[in-house]
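The chain that follows stands alone, in the form predicted on its own, written as structure tokens.
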């Protein structure tokens, strides 16, 4: 096992760290702590501009985030104690963070690398539904619709709506069965698509440690795959999460956790949100030994991250991370629009262009229809995202800002209307696993339109 000593250190800190009431942690450590550093480091955001242009502001966000994390730590719900690291310890651990990793096996392996702000190298694309539920009969064809796309580098399976007709119950035999079924169907879909070594991340169907650990091994999740788990908002963990991490380390797997701050909650508005996203990504490496760190900051009402109030702090945060560390960072496109709508395509334009010039190393999704509507996703959105990644890598921030603003104007009014689109079976031919003429025509129209904005798809 790698990092045995470091894992033992984390466990020890979770057992011996300062005792704190969780409500006290929420109010004082998180909310008041963020307010303090936002004021001390003079974090003021231009709310009319989506793509950050201010390098000095990005650097102050970084300093504020390290200061905040050293003060707040990560709360362990299982022990009621805080896992604390000093500023010096945080900075030392970040020096040893990976700046590249090979994902997948054989000819399907891909190389994820640290990217700078305005880096001309293309980001990796995890093209997938990011755990959106679907009926089992459509599971394999829907996943093939992603895996068959040349622009897709890695994937994440949808989740099963039911297992053998039964609702899935957490920490029950049904959860274990569903986790194994997810792995089996995913491997079969990749085999049928001719990409058996492609990495996938999992296991989305499983929430608890029981389900995930059971199918993380021979016949299931492989050590060349991405081993993913989330921490609790904001900056919290428990023994179930640490159990997942320990198992991944013993498996010598690629540790790929995520933290999803909630806009307007404990993290407050845009300024404090930018600091919180940055601090959470740092914590994923310092506390959870991440190979790659990810986020999908969430709007509390629309459940997306394609609104200005989330994209603005995300751009600033990712630039802070890219300028001051070599972390492998990724964002998930969680969109309101669904398949068969132009809304989702415009959301992909804005979010992908913003993330590309802000220095991310991988983009996930798009998770369409906010990931909450069964079967509302398809591989065509991922194809478009991959094409956008190549085009956006040729842009500077000024050019990107103009394109992002134009795209945002196209879907801003739709964000509260829930244009969730259509089910996979209604936008793809189930025999050929190709998009319908109607869905393809819509994609071509938007692609041609945004090409006129300065995106070169050559």
Partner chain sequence: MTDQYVNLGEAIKKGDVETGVSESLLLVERGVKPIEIFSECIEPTLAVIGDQFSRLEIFLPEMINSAEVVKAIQNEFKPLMEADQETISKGKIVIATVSGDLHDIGKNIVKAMLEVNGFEVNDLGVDVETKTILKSARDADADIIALSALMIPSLPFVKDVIDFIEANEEARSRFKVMVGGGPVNREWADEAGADGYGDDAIEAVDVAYRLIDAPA
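Residue numbers count along the first chain shown, from 1. Only a predicted model underlies this, so the values are computations on that prediction, with no experimental measurement involved.
Omitted from view is the form predicted in complex with its partner chain, to which the following refers.
- At the 4.5 Å threshold, heavy atoms of residue 249 stay clear of its partner chain in the model of the complex, well away from it.
- The closest heavy atom approach of residue 269 to its partner chain in the model of the complex falls within 4.5 Å.
- Remark: residue 100 does not count among the residues lining its partner chain in the model of the complex, judged by a heavy atom distance of 4.5 Å or less.
- At the 4.5 Å threshold, heavy atoms of residue 238 reach its partner chain in the model of the complex.
- For the three marked residues, 323, 454 and 458, no heavy atom of any sits within 4.5 Å of its partner chain in the model of the complex.
- In terms of contact with its partner chain in the model of the complex, the residue from 243, 79, 224, 374 that brings a heavy atom within 4.5 Å is 374.
- Contact with its partner chain in the model of the complex, judged by any heavy atom within 4.5 Å, is made by just one of 117, 84, 133, 140: 133.
- Contact with its partner chain in the model of the complex, defined as any heavy atom within 4.5 Å, is confined among 383-391, 105-113, 166-174, 188-196 to 166-174.
- Taking its partner chain as positioned in the model of the complex, the only residue of 395-426 that brings a heavy atom within 4.5 Å of it is 418.
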